[in-house]
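Let us start with two forms of the same protein chain, each given on its own as structure tokens and named structure 1 and structure 2.
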Structure 1
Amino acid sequence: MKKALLVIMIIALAVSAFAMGAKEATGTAPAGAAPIKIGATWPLADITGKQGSMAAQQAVDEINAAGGVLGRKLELIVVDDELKADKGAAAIEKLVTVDNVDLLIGGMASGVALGQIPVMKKYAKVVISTGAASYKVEEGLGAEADWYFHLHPWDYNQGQSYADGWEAIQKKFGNVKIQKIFLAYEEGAFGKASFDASKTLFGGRYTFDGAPFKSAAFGGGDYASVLEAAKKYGPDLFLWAGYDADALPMLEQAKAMKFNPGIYLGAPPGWPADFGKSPLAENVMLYGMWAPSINGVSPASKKFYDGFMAKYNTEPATYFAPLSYSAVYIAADAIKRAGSTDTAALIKALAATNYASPLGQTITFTPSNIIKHQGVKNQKILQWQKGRQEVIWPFESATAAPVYPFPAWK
């Protein structure tokens, strides 16, 4: 009897503490001057989500300092998705039902987005997604999800843009010749999706092969066998799709094995701190969406970069920072044009977005394979030159010409 009573007490205490916590977080504001609430989920323990949330807050502060939107202030409410589908789904439930946010932004991992989609569908609030590249997410959304505005390119968009990019580069720079492509991909969902997308897109035009490896991010980090396979294949373009933890060790291993492709290119979501300082980094190419060098060609990028440095005193390390910053500006701009936060009006206004983003390109929403509102469709091809990431392609935001071929190991 007492046993049971004790348990009841524990549960009751816990539940009430929890309920109080949830309420407290909501806060109360007078109805008239109520801020426009933007709910966001990111993995806050990861550098992508951490800096994404920081950049979004920066945008909110900038907009509020300039008078807010429709005479109201913006308020950003961020909940950690902990890189877990169930936590991410619960976060959306909280933002929508407890905090009563007007719209949602954020997101990074596809695995979390898949768990969030059923909840998002239930409420059909406007979502401006900064992550989730997997085509599975698009399948999960379906064609009906007109409230879903996907900023980040899908995996097949990225593949297509690389195919376009290499075509353009070879046309413009006659010395660049690509016939054989080899992709070393991390064995998880990210790498496998890259491989599938590349195989279809590169398959006809080039000879293409690939092999998986276990990323150092998950306890792997042994690249000997995959590099062995690549070396045997003898590619003009060697490409690896993994994580920042793989960047330098793989280069070191390639050097040790005297593997010397014409182009050595990496496509991780972010790069290690101070990668540019390593002597091996010179002339490594990369796929990405943003680099500090874009400040030179895009005023929006410079404004973002300077603001971020001034506010946080650290350099944005991944493109999730400018992407999340863009999400807030796109939302604010659409609310202004819609004249309200009503979902139907907001969807209409968002669909007409034309935003000169810090990514060095103008963002509009056009249909992709399934959904109606896809934002950025291309990635950029960049190259490490003298410790900096310089944009090679697209040429309109290029900051340098390519150095080709990748220099022989000394």
Structure 2
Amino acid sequence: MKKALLVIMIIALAVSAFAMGAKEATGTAPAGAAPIKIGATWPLADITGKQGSMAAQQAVDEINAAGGVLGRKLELIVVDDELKADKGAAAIEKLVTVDNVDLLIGGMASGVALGQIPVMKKYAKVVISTGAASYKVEEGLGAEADWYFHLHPWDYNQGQSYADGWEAIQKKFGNVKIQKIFLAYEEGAFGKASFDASKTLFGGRYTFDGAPFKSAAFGGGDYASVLEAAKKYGPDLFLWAGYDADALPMLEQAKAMKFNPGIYLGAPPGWPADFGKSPLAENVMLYGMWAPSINGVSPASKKFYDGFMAKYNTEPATYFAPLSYSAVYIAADAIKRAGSTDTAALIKALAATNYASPLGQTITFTPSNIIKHQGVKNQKILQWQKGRQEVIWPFESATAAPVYPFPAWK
């Protein structure tokens, strides 16, 4: 009897050991394994944060439906930074110390990111940032922040791509002529950095000027002064750098004062979801990283777009949606290749990222002016045509020719 029991115990131990080995070999984890926690901050009242968080959750749900990562589910924990630096810093503190997240993603406004830097440095958690264009953020991070992976282009990256784009457009379309540029910029860190970078890039090639305004996102909304200054200057290209809340009221005031430059262009991080439905939007140009028209040239874009529409029954209206979606997939892929969420292993895996994104380009990380891990380094020039964002440049992903000049107001 004792021998029989001993044999049974040996067999049971062997079966158990085999099962454990099988789990390790297939990457599965025991039932009830703790989820991998991804902490995120966005301004949820802004279209960028609202749809960015929605797209990130879409990616989490897709990955979980496919079996998760290393046999564990992903869990997304989002905290609203309310476009305030102190709220953003408090959000990082909570996510790290209370929610015990494994890594951080998200972000939009440069001013908020500046407030978050001390807390990020304190904990040195891996960060995959979807926002913060100001070079001041990069300066605040410093070269030693190897845990920081920045997806969004810096302002100088953006400016260089715009300069390259306008040169190429003028060369290809002889009727498009630019000599004078005016930049209306919101008075915060984002706008001021945009002005400084644009002046450096465009000042030698074009006659350049600009003036600040208080964004409607921060209690402003009266653009009369800056528009009057622009109209008096008489630019061939009028550009404004602010937030989605400024898009329609600025156009309404421009129409009221009959200000119609050759090119009317906006550069907010995101546009109102229904902007394209407004007759004011027609032929307005914009800078961006993505548009639904890219679905026609990128299978990854179409997959993202179709999934977003199926899940939320609304169209993604800001490039922060595919950018945030990408952040989750990049994180999941790196964790899988690292075999864990250990910071050192994750940094090494992220540095080797090669992700075919829905932005219509493959994302890798290379050094920028200061940090080691910069993702996207360019933007696209687009135009609203018949309610749809069309890509004008770069030409390899173009979906339409530019309508020029911007038609006079009726």
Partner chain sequence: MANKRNAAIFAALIVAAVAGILVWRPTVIIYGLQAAGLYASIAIPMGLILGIVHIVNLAHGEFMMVAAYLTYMVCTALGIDPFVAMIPVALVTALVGFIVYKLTIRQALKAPELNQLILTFGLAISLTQLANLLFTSQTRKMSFGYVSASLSIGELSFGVYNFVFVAIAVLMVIGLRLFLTRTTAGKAALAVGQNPKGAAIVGIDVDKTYGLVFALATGMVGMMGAIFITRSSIFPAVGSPFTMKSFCLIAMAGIGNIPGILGASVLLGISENFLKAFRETRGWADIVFFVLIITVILGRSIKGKKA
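Heads up, when I say rigid core I mean the largest set of C-alphas that superpose within 1.5 Å between the two forms. Source: prediction; values computed, not measured. All residue numbers here refer to structure 1's sequence, counted from 1.
K.L.:
Between the two chains shown, which is the form predicted alone?
P.N.:
Comparing the pair, one sees that structure 2 is the form predicted alone and the remaining one is not.
K.L.:
For the rigid movement of one part against another between structures 1 and 2, which of 88, 155, 350, 52 sits at the hinge?
P.N.:
Every other option is far from a hinge; the hinge one is 155.
K.L.:
Degrees only, no decimals: how far does the smaller rigid part twist against the larger one between structures 1 and 2?
P.N.:
Comparing the two forms, the minor rigid body swings through 15 degrees.
K.L.:
After superposing on the rigid core, how many Å does the CA of residue 263 move between structures 1 and 2?
P.N.:
Here residue 263 registers a C-alpha shift of 4.4 Å.
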